[in-house]
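First, one chain by itself: the form predicted on its own, in structure tokens.
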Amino acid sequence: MVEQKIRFDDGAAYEQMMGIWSRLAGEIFLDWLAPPPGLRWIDAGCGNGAFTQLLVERCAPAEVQGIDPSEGQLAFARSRSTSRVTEFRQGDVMALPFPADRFDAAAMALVIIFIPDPARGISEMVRVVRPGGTVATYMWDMLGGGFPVDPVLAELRAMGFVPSRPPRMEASRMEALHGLWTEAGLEAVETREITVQRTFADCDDFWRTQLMFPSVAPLVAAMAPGDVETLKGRVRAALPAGAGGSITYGARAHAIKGRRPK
């Protein structure tokens, strides 16, 4: 596969493509973190605010700062948030625009493989969290078949097409995450696997969401109509069909948390 820098600039499209998946995994992730109320959070790589909204709904934070490089995503995040404790600003995860010890907790949802230098991003999260604070992330198991778009990507590869890939896929491995957290000097490091399921009304509903993903859309757009129909047929045959033609299938993420030493 071809590595490329992948950006998500359409917040509404991202919500249909990945925001719903993010929320499903994010609920389990936050239950696992079990943070007390009243914390100051940074959501590093907040995207369209799907995870930020979860933080507000489930964790009663005193403050959440969402940072993302895409103004399109941030515009969607601002439009969906009605909470006075949230603020969104453009920025780079590898150079967070905050002083040291600013937050009680730093979270990164489905972002780490898109950071050119994951270790530098984690170092920045550690820097802006106070001693004793939490640094955590979750990411789809990109190399182990846990990615929600894998049903389409697998059939594309089987047909001889070469999907692009994020720059740091290996960072999604549990072993790699554990290494990043320990090398950043974090203590009490724990990991867990998160599995979720999502139901689509039918294959067409599933197909529409897949065409929004940057690794899929350009390839399908360039394919001959006959090849597109072949791809859809292969994907349909590979997916589990439920009552009334609905499709329910699962995804798997790796999660990790650690504490900055006091």
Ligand SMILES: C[S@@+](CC[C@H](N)C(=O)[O-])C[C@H]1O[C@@H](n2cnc3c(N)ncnc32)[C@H](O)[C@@H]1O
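For clarity, every value in this text was computed on a predicted model and none was experimentally measured. Numbers follow the displayed sequence, beginning with 1.
As for the form predicted in complex with the named molecule, it is not shown, yet the points below apply to it.
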Heavy atom within 4.5 Å of the named molecule in the predicted complex - the one residue of P151, G91, G144, P163 that qualifies: G91
Within 4.5 Å, heavy atoms only, which of L186, A171, A136, V111 is in contact with the named molecule in the predicted complex? V111
Applying a 4.5 Å heavy atom distance criterion, does S215 contact the named molecule in the predicted complex? no
Could you tell me if G47 has a non-hydrogen atom within 4.5 Å of the named molecule in the predicted complex? yes
Looking at the partner-bound form in the predicted complex, is P99 within 4.5 Å of the named molecule by any heavy atom? no
Is there a heavy atom of Q210 lying 4.5 Å or less from a heavy atom of the named molecule in the predicted complex? no
Testing 69-77, 124-132, 152-160, 174-182 against the named molecule in the predicted complex with a 4.5 Å heavy atom criterion leaves exactly one stretch, namely 69-77
In sequence order, which positions of 52-66 have a non-hydrogen atom within 4.5 Å of the named molecule in the predicted complex? none
